[in-house]
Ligand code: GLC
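Only one chain comes next, encoded as structure tokens, the form predicted alone.
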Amino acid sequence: MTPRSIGHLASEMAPLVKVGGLGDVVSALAHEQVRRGHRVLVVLPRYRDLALPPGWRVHEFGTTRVPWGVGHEPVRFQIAEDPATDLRVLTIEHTGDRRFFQRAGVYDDPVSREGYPDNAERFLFFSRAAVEALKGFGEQFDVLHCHDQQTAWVPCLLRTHQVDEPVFDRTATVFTIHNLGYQGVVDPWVLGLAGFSREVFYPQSPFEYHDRVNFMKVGILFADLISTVSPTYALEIQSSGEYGFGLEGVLRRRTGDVRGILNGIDDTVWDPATDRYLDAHYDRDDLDGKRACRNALALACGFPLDPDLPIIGMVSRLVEQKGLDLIERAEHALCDLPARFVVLGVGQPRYMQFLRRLADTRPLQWHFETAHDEALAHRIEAGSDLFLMPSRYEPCGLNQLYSLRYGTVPVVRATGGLADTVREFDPVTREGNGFVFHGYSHEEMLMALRRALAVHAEPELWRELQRRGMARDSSWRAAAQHYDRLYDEAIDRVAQGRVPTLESVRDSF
């Protein structure tokens, strides 16, 4: 392995700022790469609520003005450093009149629970400011690793406006699709803010998508290599509009440049033997602590301490993608199951109201908390017997990996990373680590749950299933090796001059 200088550009990184799994992934991958000997910088927006952990050092990096349409906008940079790991974070604060990141929330207004109407401007500004900061950083980066549509303009800016900038002449770009369902589709006026004339906007151009501009499409076309977060999802998003959301054709054009690398988990944070949020600790050889965690969760939810009634947990964004419509359709059948349900999540008002009604009318069977609560998420993983993930699509999923590590048996739909990590348990051969259904229907979900409950009724068989899941290595170590190889390939392409340009990308359409 050759040590590299790596820059991650992302809209989240736990624990500084986290909305979902993206924050966990960026943090865990960056920390693992530091442990592997790489020099790593993470670039983040300086949100109002961004919180640095105790002990981190912060110093000013300077100010500048970022090209913005026909003018410029002011920006302030700070460097934060974790003395325990040598990980560095560069924060970008917009100091213009609109203060793009000095507001509550990250993507959504917490009051309306709707996305901010100027999100396109906010994250385009972040991308342009990040490029300006890296130009003056005093270090040549081998790879700029861009995450999701919020940073999709960076590969384009490097191959257009910055094409003659010496500091980037050997820099490769990798664009990771964490969730293709969120693409950043806006009207073409945004091209002016990005520094492009309307001449580049025409049918089938790299900037045009049904008469609008699609950030995700820009990232896919201009990056040297594209990755996504599981092998199955890499195939799914090229297969049909169901998974590709209109970009399946664009991805098929670059099929030789798309890689699927399964996410890992930070097994120093997600470890039932040391987890600071748990009431008791346990491991694969001694599961007594899990029973204590289960009892603590039951008491916190107001459930009776009945070991014969398993607890089924869910920690999820409450949106249709996560299968909440299946839960809704299966309401009466789920209430008839010999089980209790604990749900933690924030999302669409429809599903929040549905779950609140269940919790209010059936308090001995359903418990619902609406919050971003990291401690409770850990306690649900440890205290549940089963973990339900009925996703319509799931690029990777992290909670099934947390569940396996915590001896909490996952029940999942076979899609994306769920299909790559969970195998149906066979009570005869004793192979498999969970319960899987394939069709997107509440009937199939219920059948999978009933199979799981049948095995739960056999304690010895259930413990064997728990231990099988806990034996799986879901750490970032294997994934980081795959990224090392991906970076090497991208760097070799740049060295050979095989990079996307405005002309080559235009000619591909």
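Just so it is clear, the model here is predicted, and its values are computed rather than measured. Note that residue numbering begins at 1 and tracks the sequence as displayed.
Below, we turn to the form predicted together with the ligand, even though it does not appear here.
Answer yes if any heavy atom of residue 154 is within 4.5 Å of a heavy atom of the ligand in the predicted bound form; otherwise answer no.
No, no contact at 4.5 Å.
Taking the ligand as it sits in the predicted bound form, is residue 322 near enough to touch it, meaning that at least one heavy atom pair lies within 4.5 angstroms?
Close contact exists here: in the predicted bound form, residue 322 approaches the ligand to within 4.5 Å, heavy atoms only.
Does residue 263 reach the ligand in the predicted bound form if we count a contact as any heavy atom within 4.5 Å?
The answer is yes: residue 263 has a heavy atom within 4.5 Å of the ligand.
If you check in the predicted bound form, is residue 383 within 4.5 Å of the ligand, heavy atoms only?
It does not: once the ligand is placed as it appears in the predicted bound form, residue 383 has no heavy atom within 4.5 Å of it.
Tell me, out of 254, 76, 281, 317, which residue has a non-hydrogen atom within 4.5 angstroms of the ligand in the predicted bound form.
The residue from 254, 76, 281, 317 that makes the contact is 317.
Exactly one of 225, 229, 106, 326 has a non-hydrogen atom within 4.5 Å of the ligand in the predicted bound form; which residue is it?
Checked against the cut-off, the match is 229.
Which single stretch, out of 419-427, 292-300, 207-215, 397-405, brings residue heavy atoms within 4.5 Å of the ligand in the predicted bound form?
Result of the contact check: 397-405.
What residues of 269-302, in sequence order, lie within 4.5 Å of the ligand in the predicted bound form by heavy atom?
Heavy-atom contacts to the ligand in the predicted bound form: nothing from 269-302.
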